[in-house]
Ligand code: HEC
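First, one chain by itself: the form predicted alone, in structure tokens.
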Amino acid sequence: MKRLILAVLFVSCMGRAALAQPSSIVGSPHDLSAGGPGPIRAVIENQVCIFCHTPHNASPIRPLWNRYMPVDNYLIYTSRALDAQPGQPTGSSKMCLSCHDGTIALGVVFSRQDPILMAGGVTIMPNGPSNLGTDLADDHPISFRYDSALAAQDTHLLDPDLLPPELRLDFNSELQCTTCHDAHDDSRGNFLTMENFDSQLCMACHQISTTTITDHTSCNACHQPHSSPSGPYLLRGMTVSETCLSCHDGNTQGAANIAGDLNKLSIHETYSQVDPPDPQYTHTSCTSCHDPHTMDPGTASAPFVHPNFGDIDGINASGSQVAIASYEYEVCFKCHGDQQAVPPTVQRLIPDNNARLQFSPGAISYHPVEAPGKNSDVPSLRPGWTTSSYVLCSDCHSSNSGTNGGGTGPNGVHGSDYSPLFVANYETADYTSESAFAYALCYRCHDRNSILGDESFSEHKKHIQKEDASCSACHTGHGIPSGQGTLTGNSHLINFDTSIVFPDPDTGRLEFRDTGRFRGECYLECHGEKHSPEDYKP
């Protein structure tokens, strides 16, 4: 029986007498004989199998291996996302690399003294997708032990005992090139061991996608397993953002046009050198806010996170990291909390740029992001808003051309024509003429007629319409953290813009004092007018 098997192997390797079958290398790209179908083929050699195997004078490597093995000089894959520890290629992967790393001539075989002459002067594997080179850091990791312990450590991996029979590990339970590729069978294309429609091959090992966004369910839409421009992230683009924008560029049907927003005046910056984001930079990546594998369409009410964020991590109200954010502000606090990464746009009497502390329920006063507001008497609120309402960060910071801004484009804090990423215009400059447009951001929630009717402050109209003082001259948009202000001095979001408002020259004081419902007094100088103090009452 052994002689019969060897005889069959020998006859099938001698030439092309055997008919090409779906599971045969004959007529496939691996057919390097003179009659092979591709541009990489021998000049006169008609044996098909000889380029890898020989029945006689083989190297001491199974199965009847006929090639020299490359040396161990590979740059191997490494990533924070990989819990395994791959080393230099081993086993069948090293066999594959004896052609596909481009270091050994294709015609150099163990059983021949002289190399097999290849057509067109080809010696090594030509540059292209089949030549992986010796830098494997941009290729799917190989030659690592894939066992139950690894699957338990990385919950995104299926236990190897549950792998389909087409995906085979080697004798040491290592994942090799041959787990995904069968060098003898190109019936599925790319010598895959199983079909990859709907990413079924990828998902046989990687259990990470629960998204219902159709275009996000195809791994190949964003990833490529070999020679990835992004290196270990195995993305089709050089960066996360470049990969995302290849679809979200306004030219792909059904995909939101994010690229259009990123060309606006004020954007969340996405630079390649910090994508994914590096803690020493302030720039962001798409995956800073979105997990593409778990994001979904849908809706959410404040303060909860929108489904299109996916299972993204965050920083909670107490400053602790959470694996999956429940509230939108937890995602924002990753950059706009304790890191204080973004400089303030207005020079305030009480300087602070930690949004987590500004919105804290223990803060002196705040817009109701983390909790409903402290003030139970806000007559200017428009219909739909109450003193029990929450607001999202994206109620103020979002695309001005999205549906939140009255347009038809995508929502989200990608870009806006109004800085800093405001969904509507908000003037902070002194001597601004009041109009519905000048303070459109404020008037989204606060009724303009109520404000100009002095329903909540007896001199609103005088200050912002007659004196042309900006809302920002007296009010901050976020809040005043506890310990940095007082209940009487910083209620109602009072935190003066010190480029407009100055200390009272008589008393040297620059402060507001809350003296009761709709009442207060100020010590300051503004527009050349001294308040020493100025008393306000209904």
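Heads up: residue numbers just count along the shown sequence, starting at 1. The shown structure was predicted, so the numbers you read here are calculated from the model rather than taken from an experiment.
Although it is not shown, the form predicted together with ligand HEC is what the next lines describe.
The partner is absent here; in the predicted complex, the one residue of 172, 148, 88, 419 having a heavy atom within 4.5 Å of ligand HEC is 419. For the options 76, 116, 219, 317, the one in contact with ligand HEC in the predicted complex, meaning a heavy atom within 4.5 Å, is 219. Looking at residue 260, you'd find every heavy atom of it more than 4.5 angstroms from ligand HEC in the predicted complex.
Shown alone here, residue 192 lies within 4.5 Å of ligand HEC in the predicted complex, counting heavy atoms only.
Interface residue remark: residue 112 is not counted as part of the site for ligand HEC in the predicted complex, having no heavy atom within 4.5 Å. At a distance threshold of 4.5 angstroms between non-hydrogen atoms, residue 411 is in contact with ligand HEC in the predicted complex. Along 346-376, residues 346, 348, 353, 355, 359, 365, 367, 368, 369, 373, 374, 375 each place a heavy atom within 4.5 Å of ligand HEC in the predicted complex.
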